[in-house]
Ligand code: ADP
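Below you will find one chain, with nothing else, as structure tokens; this is the form predicted on its own, and questions on how it binds or moves follow later.
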């Protein structure tokens, strides 16, 4: 391999950082100081740190390790493979570079454990097409590697392990023979250098700079002790105690913000938006089905909120097809009967138009005036006699004395409002409602469907009005309890945990892509029985980078496969009017099969559709697949969802098997949570939840409950945080742009 390369230095000051000491860092360092003020960090490293979001001293101290390695004593090299990654140390006794396929390269480094014996097996570390690795590793070096050992032929190998070269210099005690931190890093910033920077900073900063930000009833010790121990623990017990302290502090800050939101919402001035309930009773009696007990319970909860003078802030969770729309209509009827307008926001054009059609079909017989406002369509029905301003206000006054809003007592209500005859009672729209010059003269209720598809700012823009409207946000993506009390802790939560009796059963089956002919035969039997079906693809067009089928490319094939039955193609790039026509033809039964992307994921309702085939099912998340299959079984027929995949990985099989076992959305959500974690489940940008620096919402659920209880106790006793011992918490609830948790109110 020639002359041994220096593994860490690259000419920009990294050697100086990792090696001999220079002049000390500036004294009296403050947490708010920019890292540029620390003259010891070279500019290239500052740029790399900035890529990690690290710009101040506090940012650096709270850049917590993602794991720790026990480098006090390493295990012997394994003889068998393992699914659990392990940390090993050995000397490089051989390196090789092999080329294959013209341009592909495999770099191998063979390691031998330091005190090898006759039974010791070497470990082969392999990197594919990572050219920089061969410049960093040479024979004679000592490496610490972290990865999963796998049996490849007769050799034990680690493919693409994390690695670090151990240099015998005066700083070896920072990196070796200890419990060693391993950090999230970036290109141009090695573990060794990042570790050295943090180690030196911890030795220079005053402990007085690190104020404890949680009550003594919740945490023990000081923040300074916890920060030191999380980076460079003396023992595993010290590491665990430090982590608990820091997680509780992080969760407490989150829960203080949420508790303050609840308090602010309860003190905001609102109006009573609850009519007498006469119209609601007529609507319920006219329904062709009976409400479930869960729907009745939730409507009663919403009714109490509408009758109160502080604004409603309620989250309605319900599985796909559980009947959330009917509950939303009940809420809107109560609001418009009190003389107020209601806004119904949906995340997509298709869903907004479907809601518009559904609401017109159900409510126009009662005289409701409904308008559609989306970027592509603006429609409204004409004013209807039941809702002329004078007549409607008079009917409200007549019914006010015998209010049904509260079963216990009649609640004094504001003077019923009047809406001009040309004003709609209900405006249905996408986020275009926020931007397309839609004005509300008397907005009393906002219903947000599939709220996780709306951004925080979009929700806030519609709901930050004075006087405050009541807000009902709905989701068909069930959310595990820990997440509910975290992200939606400032909301009251209602759950529809009961399915209507008339829903058809959905059978889900996972099939290998090689069984397509058998699947096709089954799908044709569904069409021959007079039913309709969906075929879902993850992409619109084929991709050179992904070996995934695409809807537009496969559409012609499906026309041949299902001939003489009629197929239609639907995806997000089709112009809105054409998209609407395609869906209408499918609803009317003029098309038998819809070849589509996930544009049909939410809300599309065709009771005669009884079969769904999802191609490349491994490309979808569990919650998304559950949403997709909710498009079938909308009528009383038994329905079938077939998940087609050619991915034989164990993880894929385990994921898809969940959908075969259960149709309960809450069970699916818990499994999705296990497999993917909360960030992927919700999307931080949409939920407004910042990436947690150290807490894990699932693993640390008990700590979250403790933090929540502590925050609520403080706010109940001192809602203004005016007591001397609570004044330090005021800074926790100062919301900074981009750091809010759940801005719905």
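No experiment lies behind these values; they were computed from the predicted model shown. Numbering follows the first chain given and starts at 1.
One more form of this protein, predicted in complex with this ligand, exists but is not displayed; see below.
- Stretch 288-296 is the answer when you ask which of 197-205, 588-596, 288-296, 572-580 has residues with heavy atoms within 4.5 Å of this ligand in the predicted complex.
- Residue contact with this ligand in the predicted complex: residue 322 places a heavy atom within 4.5 Å of it.
- In the predicted complex, this ligand sits within 4.5 Å of a heavy atom belonging to residue 503.
- Within this chain, residue 634 lines the site of this ligand in the predicted complex, having a heavy atom no more than 4.5 Å away.
- For the chain shown alone, residue 326 is a contact residue for this ligand in the predicted complex, at least one non-hydrogen atom being within 4.5 angstroms.
- This chain appears without its partner; in the predicted complex, the one residue of 605, 667, 364, 169 with a heavy atom within 4.5 Å of this ligand is 605.
- Of all the residues from 509-534, none has a non-hydrogen atom no more than 4.5 Å from this ligand in the predicted complex.
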